[in-house]
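There is one chain below, alone, in structure tokens, taken in the form predicted alone.
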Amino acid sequence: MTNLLEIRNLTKRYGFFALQDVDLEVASGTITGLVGANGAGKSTLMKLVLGLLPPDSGEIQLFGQNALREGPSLRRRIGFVQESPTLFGNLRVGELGQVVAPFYPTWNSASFQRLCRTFELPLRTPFHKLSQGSRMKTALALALSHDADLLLLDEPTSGLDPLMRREVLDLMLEIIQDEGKAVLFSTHITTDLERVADHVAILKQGRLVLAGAKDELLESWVLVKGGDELLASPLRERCRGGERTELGLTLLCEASETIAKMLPEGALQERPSLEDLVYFHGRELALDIGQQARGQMEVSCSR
């Protein structure tokens, strides 16, 4: 495998937001899921890769070349779908293919027609009259019809019904059967990541807090469940986050033999889900030892 996208120390500041010191790789033959809360920086990262925003510092390489110097020629090899596609609202779906085709030497009209049939798109309907789901499907059809080597999909399943979501995810899996291609997609739906992602990157407030192979990440963390005795144990200094409910405490810790030896009597260990990793890495509230367990309180522990 080779890296189709490499990001090193990427930083972009504007307004009250900053994407800071992001390092990320997307290898050929893989699907990488970018996950985080709204405002975490997912769309900003996509725009930086596409050259729609200039970085303040850092480096972006596409297909082994500097994206700033060789941007236009490299971007022809990228298929992109934004979260809320706008396109040319007055044009009909079928006409959009004709408008986009001249920008891509590898445009395939037959593929576009096939995808329109697969997505059940009305070719004679103006784009602005489509539902949100049909607009997303139109944008996907355009992005997938020029044999792109790298697909950047910003919330591609947003607004789609469950059946179409499954079809879009299966389409991603089909694309990477060609081991020279790769997909980077952002989402807030962790079940989508569970189904198709090989690698996962979690963004929080502009920083990449966790990244790696999905299966390895799931094996690297453990949920520890018990009562308030967990707070008096050394685990408190080794956990990443936690939650208090009426049933007790749950802490997210790095899995290790050392952690296992720290468990108080009666405490339980469970393997976290991908949703657990996103949930606990995405929240930081102070843990009040003296607070009674009323309802649900989100907490986190510093290492």
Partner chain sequence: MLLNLLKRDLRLHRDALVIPVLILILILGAIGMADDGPALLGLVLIGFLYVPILPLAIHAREDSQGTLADLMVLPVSRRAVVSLRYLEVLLFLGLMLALAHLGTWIALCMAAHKAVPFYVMDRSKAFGLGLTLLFFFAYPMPLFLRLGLKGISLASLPIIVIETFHWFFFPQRGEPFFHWLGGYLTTTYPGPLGFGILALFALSYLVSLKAFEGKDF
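Note that the structure is a prediction, hence the values are computed from the model and not measured. Residue numbers count along the first chain shown, from 1.
This protein has a second form, the form predicted in complex with its partner chain, left out of what is shown; the following refers to that one.
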### Query
Does A110 make contact with its partner chain in the model of the complex, using a 4.5 Å heavy atom cut-off?
no
### Query
Is there a non-hydrogen atom of P54 within 4.5 angstroms of a non-hydrogen atom of its partner chain in the model of the complex?
yes
### 4.5 Å heavy atom contact, R236 to its partner chain in the model of the complex
no
### Message
Within 4.5 Å, heavy atoms only: does H188 come near its partner chain in the model of the complex?
### Response
no
### Query
Among the candidate residues R75, R165, K181, R135, which is the single one with a non-hydrogen atom no more than 4.5 Å from its partner chain in the model of the complex?
R75
## Note on the structure
None of D147, E83, D198, E95 but one has a heavy atom within 4.5 Å of its partner chain in the model of the complex; the exception is E95
### Message
Looking at heavy atoms inside 4.5 Å, which stretch does its partner chain contact in the model of the complex, given the options 45-53, 30-38, 239-247, 260-268?
### Response
45-53
